[in-house]
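As structure tokens, one chain now follows by itself in the form predicted on its own.
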């Protein structure tokens, strides 16, 4: 009787083994199988706004910083929280919750009348906007997620459009759902 290792050796696949006939049988035709292109995942930065998970392509993110002291800008746009000083640059910091209809108005976080102290997990995501660097106020930064193209879906009807046209799609990873944003639209 042959040794167990000899029996197992004939059972398992070996790289030098010819599998052409097996591929034809599996495909159910006489044609050979086309090689399947491997999906290249793209990295996204996942963060939270009002308990919902959002994600943006990581290549648009320059860095993530803790919330510094913000300076109020009189008569500024409603979504501009203030400006911050970061290594020699003055950057505007925006709240995109109003644009996403997650809040009625931006919190007052800058100036002498500030009513909101940022929670411990709050961060500013520094991104390259169309006219320079800008900061986005988020409730928390979760992680960098890798999503393959097959894990992405277009935004369902009714989600995008109007002031929410910054929602470009959805990403699924197991039970998690990420709302994908176009940062430049969110800041416009």
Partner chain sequence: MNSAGKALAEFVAEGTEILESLGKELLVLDQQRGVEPEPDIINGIFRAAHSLKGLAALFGQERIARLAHQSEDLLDRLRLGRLSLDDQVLDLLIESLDVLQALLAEAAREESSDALNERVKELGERLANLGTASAAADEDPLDRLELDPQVRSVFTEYEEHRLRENVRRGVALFRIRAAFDLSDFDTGLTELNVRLKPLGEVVSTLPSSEPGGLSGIAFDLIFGSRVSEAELAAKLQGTPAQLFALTVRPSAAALVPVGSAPETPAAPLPLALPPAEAPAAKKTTRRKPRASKTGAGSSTSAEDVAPADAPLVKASSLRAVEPVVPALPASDTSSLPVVRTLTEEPVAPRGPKAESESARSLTQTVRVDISRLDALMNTVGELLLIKANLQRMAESARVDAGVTLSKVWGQDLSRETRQLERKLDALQEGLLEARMVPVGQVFDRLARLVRRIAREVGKEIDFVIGGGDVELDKLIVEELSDPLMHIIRNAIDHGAESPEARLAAGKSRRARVSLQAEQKGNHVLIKVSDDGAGIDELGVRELALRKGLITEAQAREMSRRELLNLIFLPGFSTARSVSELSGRGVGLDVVKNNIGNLSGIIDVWSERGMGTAFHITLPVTLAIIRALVVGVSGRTYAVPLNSVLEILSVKPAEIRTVERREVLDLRGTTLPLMRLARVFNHPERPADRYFVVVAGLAQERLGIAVDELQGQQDIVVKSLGGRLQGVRGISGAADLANRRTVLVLDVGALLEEGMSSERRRA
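Residue numbers count along the first chain shown, from 1. Model, not experiment: these values are computed from the prediction.
The following text describes the form predicted in complex with its partner chain, which does not appear among the structures shown.
J.: So which of 127-135, 56-64, 41-49, 145-153 is the stretch with heavy atoms within 4.5 Å of its partner chain in the predicted bound form?
T.: Careful reading of the contacts points to 127-135.
J.: Is every one of 80, 83 and 113 within 4.5 Å of its partner chain in the predicted bound form, counting heavy atoms?
T.: Verified in the predicted bound form; spot residues all in contact, yes.
J.: Answer with yes or no whether residue 100 is in contact with its partner chain in the predicted bound form, where contact means some heavy atom within 4.5 Å.
T.: Taking the distances in the predicted bound form, the answer for residue 100 is no, it never comes within 4.5 Å of its partner chain.
J.: Taking only heavy atoms into account, state which residues of 88-110 are within 4.5 Å of its partner chain in the predicted bound form, ordered by sequence.
T.: Contacting residues: 88, 90, 92, 94.
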